[in-house]
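Okay, so here's just one chain, in C-alpha cells, the form predicted on its own.
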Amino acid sequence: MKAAQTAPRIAISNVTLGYEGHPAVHHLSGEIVAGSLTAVVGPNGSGKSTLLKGIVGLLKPIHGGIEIDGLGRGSISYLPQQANIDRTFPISVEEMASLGLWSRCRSFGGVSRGQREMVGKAISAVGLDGFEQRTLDTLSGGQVQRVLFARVLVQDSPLILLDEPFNAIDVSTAADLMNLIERWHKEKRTVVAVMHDLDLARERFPNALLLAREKIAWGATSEVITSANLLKARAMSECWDDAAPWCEREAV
C-alpha cells in the first residue's frame, strides 16, 4: 500500500496542552519534518501521549497551535495505547481491521470487494492469516497489537501516530511491527511513535523528541538521547508542579 497524499509537515508553535487546568505539555515549539521517522521519549507523565492527542485533534491546545500542512485530521492514522482498547467488545479481527476504511465508506454503504481484499492483505501482512473471525477477547496482547497495525495499514494515511506500539508485547511481535514502521518510513510517510525503549529508539529512529512536560531536546536521535539530556529530563519531571498557574511566554 502507498499513501496517495504527500507526507505532511507538522509545525508546533508555542503549544501548551493540558487537562482541567493542569499543564501536560508546556510551551512546545518545533517541527516534525515531512516523511520523517520520530521517536517521542521521556519519563512517565512527561506529556508524550498528550502531544499525540493534540496533533490528532483529540485535545485542543490551551495556548499556541499545531498545523499539519496539506492534510485534514480525519486522514491521520492514530494508534492509541492498547490499554485504551476494550478487548471485551465482541468484534472480530476482520471487523477491527475494516474500521480503517471508515473515511472511504459512504453512510450506510457496504464494503466493496476491492476493500475486502485490502483488509485481507493487511491481516496477512501482520501475520494473522486464519484469525479473521477470531474476536479480540480470544487474542494475546501481541496479537491484538498486530490487529491494530492491520487497521493502520488499511487506513493508508501519509501521517501515522503510534502511542507506545511496543508496550507489553513479545520480542517477535515487536520486531515484525518495527519492520512495518520502517516500511512506512521508506514509503515517505510521516511517522511519530511514543517510545519507552530508548535502545530501540537509538537504533531504529533517525529523529527524536525528548519531553519532560517541556522540550529537553529535539533533533537527530544521537544528539537527543544522551546521558546529560536524560538526567535533565528526569530532574525536570520530578520537580514539576501540577498546581502551578498557567504562564505566558514567547516560543522557545
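The structure displayed is predicted, hence computed values, not measured ones. All residue numbers refer to positions in the sequence shown, first residue = 1.
Quick note: we don't show the form predicted in complex with adenosine-5'-diphosphate, though the next part is all about it.
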Hey, of 202-210, 38-46, 61-69, 218-226, which bit sits against adenosine-5'-diphosphate in the predicted bound form at 4.5 Å between non-hydrogen atoms? 38-46
Can you pick out, from Gln115, Thr135, Gln81, Ser124, the residue that has a heavy atom within 4.5 Å of adenosine-5'-diphosphate in the predicted bound form? Gln81
Might Lys53 be said to contact adenosine-5'-diphosphate in the predicted bound form, defining contact as any heavy atom within 4.5 Å? yes
Indicate whether Ala233 is a 4.5 Å heavy atom neighbour of adenosine-5'-diphosphate in the predicted bound form. no
I'd like to know if Ile12 sits close to adenosine-5'-diphosphate in the predicted bound form, meaning any non-hydrogen atom pair within 4.5 angstroms. no
